[in-house]
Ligand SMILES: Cc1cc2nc3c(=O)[nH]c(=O)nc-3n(C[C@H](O)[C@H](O)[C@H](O)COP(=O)(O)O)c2cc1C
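Presented as structure tokens, the chain that follows is alone, the form predicted on its own.
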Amino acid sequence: MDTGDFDADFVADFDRLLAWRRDVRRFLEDPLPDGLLDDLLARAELAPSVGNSQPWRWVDVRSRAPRRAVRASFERANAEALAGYRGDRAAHYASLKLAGLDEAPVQLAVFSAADPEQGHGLGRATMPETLDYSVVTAVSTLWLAARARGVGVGWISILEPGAVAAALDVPDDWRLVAYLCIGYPQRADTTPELERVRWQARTDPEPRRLVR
């Protein structure tokens, strides 16, 4: 029986995987091999969820019309975000490539079901937001599984959730958590792009840790 023990080499490889997991913004247009997306979603389904509710809902966005609607939503939200910056910061923001919507072969919208029957409400009576948190764990699991296979993931957060939900015609009680671009990256780097272009460097973790 597999006891789940992992040797030092595996631990080192896993730590390396964490360092190489990056938010990809530039993709090759090459399609993923048949079945690979299914494999990645199968790995994501292993993620923990509150009450074993598995509240994540995956929408594989393939059709042109919803893709165009999502792209239009991004353009509106991006313009609004740009208007919130001034001076050098505005110019810096304008120079960033913030979407892979034009190149990534796979676009995956990830929703959270607001009150899934599965799980029977366990663990979320006082913190219903744990459903959304559970979806994020599934996204993170997908991200690591993808990177381990040489596939990049970019999380597009500059969107209008209502417009995306309407474009994809999903149930009213589904809440958008993530819109992911998935494909092979043009380049791989352990340094986050926003750090590389000097938007924001990583900081010392100590101030974010409290002891009580």
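Numbering starts at 1 and follows the sequence shown. Quick caveat, the model's predicted, so the values are computed rather than measured.
Omitted here: the form predicted together with the ligand. The next part is about that form.
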Checklist entry - Taking the shortest heavy atom distance, is K97 within 4.5 Å of the ligand in the predicted complex? => result yes
Next on the checklist: in the predicted complex, is there a heavy atom of the ligand that lies within 4.5 Å of any heavy atom of Y184, even though the partner is absent here?
Outcome noted: no
Next on the checklist: I'd like to know if R198 sits close to the ligand in the predicted complex, meaning any non-hydrogen atom pair within 4.5 angstroms.
Outcome noted: no
Next on the checklist: If we define contact as a non-hydrogen atom of the residue within 4.5 angstroms of the partner, is W143 a contact of the ligand in the predicted complex?
Outcome noted: yes
Item to check | Among 53 to 61, 165 to 173, 149 to 157, 36 to 44, the region lying within 4.5 Å of the ligand in the predicted complex by heavy atom distance | outcome: 149 to 157
Item to check | Those residues of 24 to 60 which, in the predicted complex, come within 4.5 Å of the ligand by heavy atom | outcome: R25
